[in-house]
Ligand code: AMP
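Single chain ahead, written as structure tokens, the form predicted alone.
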Amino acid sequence: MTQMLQGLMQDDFPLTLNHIRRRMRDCNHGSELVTLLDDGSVSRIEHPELTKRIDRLARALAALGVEQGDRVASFAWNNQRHFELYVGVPCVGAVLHTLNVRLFAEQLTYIVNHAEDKVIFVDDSLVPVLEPLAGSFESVEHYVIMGDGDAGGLPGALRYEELLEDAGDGSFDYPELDERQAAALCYTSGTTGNPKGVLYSHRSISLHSSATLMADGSGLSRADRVLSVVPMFHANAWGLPYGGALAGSDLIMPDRFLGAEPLAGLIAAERPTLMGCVPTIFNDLLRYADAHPEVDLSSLTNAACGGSAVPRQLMKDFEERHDVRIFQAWGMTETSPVATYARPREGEHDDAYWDDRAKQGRPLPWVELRLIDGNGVEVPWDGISTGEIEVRGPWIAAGYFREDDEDKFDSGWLRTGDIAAVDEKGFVQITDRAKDVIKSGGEWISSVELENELMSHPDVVEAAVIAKPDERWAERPLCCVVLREGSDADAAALIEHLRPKVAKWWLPDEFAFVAEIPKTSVGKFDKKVLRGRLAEGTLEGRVQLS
């Protein structure tokens, strides 16, 4: 009986990106991909027509000598050509290596050589960034310029559109692929040491893309228009391009125009229902929307925010003033990328509801999560006990590319470095990064909670909290704050704002009023820069409290 039943089920059907490509061709008629152009206009192409260009790209890759398993790099913004690479490169069996355009020169050189990239596709606007490094790349055989701009001094540079034109029309005979072979490669931002490579398999991307369609996650559907602001060079743009293509959603790409004004104009004109990006971009957009009430952002009924803790006040201000609903997600490069999503049961928007919205959310189906304390003991989900988040699941990395790291991976569990509590409903509340937590007089102070409470002050634009050495208490919190332009708020006012919100011994002894919080290459607050300035004595605007 068991053998007969097995014969009736295709449970060995391979989960590969060729399925998404075929759906785009056969099922997504009327769905479009929109790209913002230099002059403020947009280009449009429907998914079936897009797959014809992907067929041309597949033949062009073969002509360049790209074989299965070869790494093909992209150095590009969020646009149509980059999306074509997203689909075309993995579907021929190669591995798309998305290069972070904001990494330092030595980091770019390291990851290109470590990955042994064979071809680099580069947006013409980024040629000046890549050109000085070309001599340091050991394995690159071809550079392909996407756009009509100057190729600079890139050796033997080819033109993307010319390659596609020469490739000719017609379908391509795509190879049968193993679902567990690599489809994409993304390196961590390398905040401590060299960046580390994370391989995404066809299976992991396929399963994660399916998860983006879940109503308790992103909830993508054919009715959605998805504005993908989170960079395509970072963790597959949180899975939004692949998920949108699988669902048949319209995809809207802002290219390199990530300022508040062009984004607000694009939202007003194209009416996306979902936008994914980090809190810093949402903060800028909120300030712009407040100053320009004529701009209508209300189509964003299902925006996603992550990368760092999303302040409750930011979500409330958007919802109450602009009818924009933002839901928080959590993940990292190694979780490929989204692991939890904060979508509480709808009801009265009381304090309890907003408490859940301000958390990082429940683990998505198929993601398993546990908390481990400093003694290696699993702690209960009681909303109080804290430990390091460890996760496992079908799209969670099990190791790094060409590098062993036993400290990061434990018998199938990924040690994330995030410290959190989980309540009885399964909602995760991250309290800190293990490297950022402040230990004062033997007690823990959460920098994340202090930051969120500071950013609930109407005059605080950004806040990052770091530890400063203290002779008596070992460490004390130092709050680095960016004030709204024209604000007269001072340290005393911020202390009074914090006093009813946090424990007395959490109240900071010192503030630093700075012009801007430094950011990492993916838009997160870069606390290591602030700590370096503190150690060097160059941290600006310091005000000590008596």
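Just so it is clear, the model here is predicted, and its values are computed rather than measured. Sequential numbering from 1, following the sequence displayed.
The next section is about a form of this same protein that is not shown, the form predicted together with the ligand.
Scanning 82, 225, 114, 234 against the ligand in the predicted bound form with a 4.5 Å heavy atom cut-off leaves one residue, 234. Residue in contact with the ligand in the predicted bound form (any heavy atom within 4.5 Å), chosen from 255, 317, 418, 462: 418. Within 4.5 Å of some heavy atom of the ligand in the predicted bound form lies at least one heavy atom of residue 309. In the predicted bound form, the ligand stays beyond 4.5 Å of every heavy atom belonging to residue 393.
The ligand is not drawn, but in the predicted bound form it has no heavy atom within 4.5 Å of residue 23.
Residue 334 belongs to the set of residues with a heavy atom inside 4.5 Å of the ligand in the predicted bound form.
Only one segment in the set 105-113, 157-165, 365-373, 428-436 has any non-hydrogen atom within 4.5 angstroms of the ligand in the predicted bound form, and it is 428-436.
Taken together, 28, 204 and 247 are entirely out of contact with the ligand in the predicted bound form: none brings a heavy atom within 4.5 Å. Contact annotation for 504-541: residues with any non-hydrogen atom within 4.5 angstroms of the ligand in the predicted bound form are 522, 524, listed in sequence order.
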